[in-house]
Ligand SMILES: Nc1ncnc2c1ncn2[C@@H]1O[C@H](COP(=O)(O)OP(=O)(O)OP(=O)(O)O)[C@@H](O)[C@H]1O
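We begin with a single chain expressed as structure tokens, specifically the form predicted alone.
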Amino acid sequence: MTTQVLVVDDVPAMAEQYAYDLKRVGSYHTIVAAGGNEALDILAREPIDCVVLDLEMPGTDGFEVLRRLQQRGIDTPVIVYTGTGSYDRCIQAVRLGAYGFVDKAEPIERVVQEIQNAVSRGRLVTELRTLRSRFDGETPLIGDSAPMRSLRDAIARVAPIPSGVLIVGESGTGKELVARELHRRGPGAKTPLVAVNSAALPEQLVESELFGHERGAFTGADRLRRGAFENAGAGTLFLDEVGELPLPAQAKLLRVLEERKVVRVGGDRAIQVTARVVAATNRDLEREVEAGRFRQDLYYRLNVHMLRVPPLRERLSDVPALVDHSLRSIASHLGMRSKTITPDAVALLAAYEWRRNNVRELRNCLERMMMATDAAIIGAADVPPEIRGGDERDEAADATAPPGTLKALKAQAERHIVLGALDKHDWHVTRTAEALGLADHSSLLKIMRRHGLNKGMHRDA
């Protein structure tokens, strides 16, 4: 992607010469503005990567340009240059948001280096902002089960190939983590990864988000905006929940994938794009095609290589490792000391199927467990009832199961949980049943009878 540099100077000869030298030495595409207002207008409609700005100009000078850029939220890196040699004025410009400053007498090679540094820093800041906004502490690809080993092998085979990849799997299995691993191990690892959640975009903004828009393309488009394809550059564009895209956007996405060019909304200029497209969905796209909700030609274009992320219930042997990592990750995220968990509590977690949200559901459960107890050790009594419970017939069988078996551990955990809740509520059955989330007090009485609990017992019974 060619770097575009805007040179702003009220002396036309100086601006043109500077632009020519930057193009010659730095191979930049350069644009010239004769004043502050013209520069602001260009910045609102063109994707500028760096500005070389004269401070001393009549009317809207360089300082005013910097102030207005801050007000408008435009974070294009700016290098100020001045012939006055005033260090204090340059420092003032930096305080207003300029990346750095150079003297007009400096060799053009040094200016080119400053521009390269500013552009690199700007792109790094943009990528970090994107990563931070999307990072939610989810567990990385952890586990040594057979399904996870197969997934890692498939990632290793596909990652070096620049072709498209379709990642399928249930919600919460870690599809975005697979996409990030593909990018990390792929040919564009040093380039941006741009993630777009297709399901979260209003239908009227999908095309603007993907392809960008020109200034004035629609109400509220007060400045030019690059789309996700352009921002990804030669890196990776990750289209999460691609099955949620509306049909008109699917047609335009197909055309971009075929021609490798985008046209911004409201524009007429085709822009070459090279990003690798990695898509993900929790839908059955073949059924969506049959139902007419997803284009068959787009499905085949996306599905060059397919990676299936296994649900957590197919790799329950990974639960102990996931629990250990998640507890440390949650503690770090919340700024608290990490806690340990007992084997019987882990066994209860490993017996659950996690059908609602897979690894994300497990993590959320662990966070609730950490916050629900002040102890440094999380035990079976801290496992939520909905996680360790089964139907009443299963629970009755658990109470008589051989010691050490999973069913016996479940019964033991239930007994501890119920005893703790009863003591907390002074053995008031109705209040305890409500606290435990049971349907009514009779449900609690059945459980108490199953474990031989009565009001005359002590907590350590």
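Numbering starts at 1 and follows the sequence shown. A quick note: this is a predicted structure, and the numbers were derived from the prediction, not measured.
One more form of this protein exists, namely the form predicted in complex with this ligand; it is left out here, but the text below deals with it.
Under a 4.5 angstroms heavy atom criterion, identify the one residue in G172, G243, P192, P77 near this ligand in the predicted bound form.
In short, G172.
Go through N282, T82, S198, Q250 and name the one with a heavy atom inside 4.5 Å of this ligand in the predicted bound form.
Partner contact (heavy atom, 4.5 Å) among the options: N282.
Notebook entry, point to check: Is L302 close to this ligand in the predicted bound form, meaning a heavy atom pair under 4.5 Å apart or at it?
Noted result: No - in the predicted bound form, heavy atoms of L302 and this ligand never come within 4.5 Å of each other.
Q.
My question is simply whether R315 lines the interface with this ligand in the predicted bound form - judged by any non-hydrogen atom within 4.5 Å.
A. Heavy-atom contact with this ligand at 4.5 Å: present for R315.
**Message:** Is L177 part of the interface with this ligand in the predicted bound form - any heavy atom within 4.5 Å?
**Reply:** Answer yes; at least one heavy atom of L177 falls within 4.5 Å of this ligand in the predicted bound form.
_Whether H333 contacts this ligand in the predicted bound form should be assessed with a 4.5 Å heavy atom distance threshold; does it?_
No, H333 sits far enough from this ligand in the predicted bound form that none of its heavy atoms falls within 4.5 Å.
Notebook entry, point to check: Which single stretch, out of 221-229, 101-109, 344-352, 357-365, brings residue heavy atoms within 4.5 Å of this ligand in the predicted bound form?
Noted result: Selected range: 357-365.
Within 313-352, the residues that have a heavy atom no more than 4.5 Å from this ligand in the predicted bound form:
Residues within 4.5 Å: R315, L322, H325.
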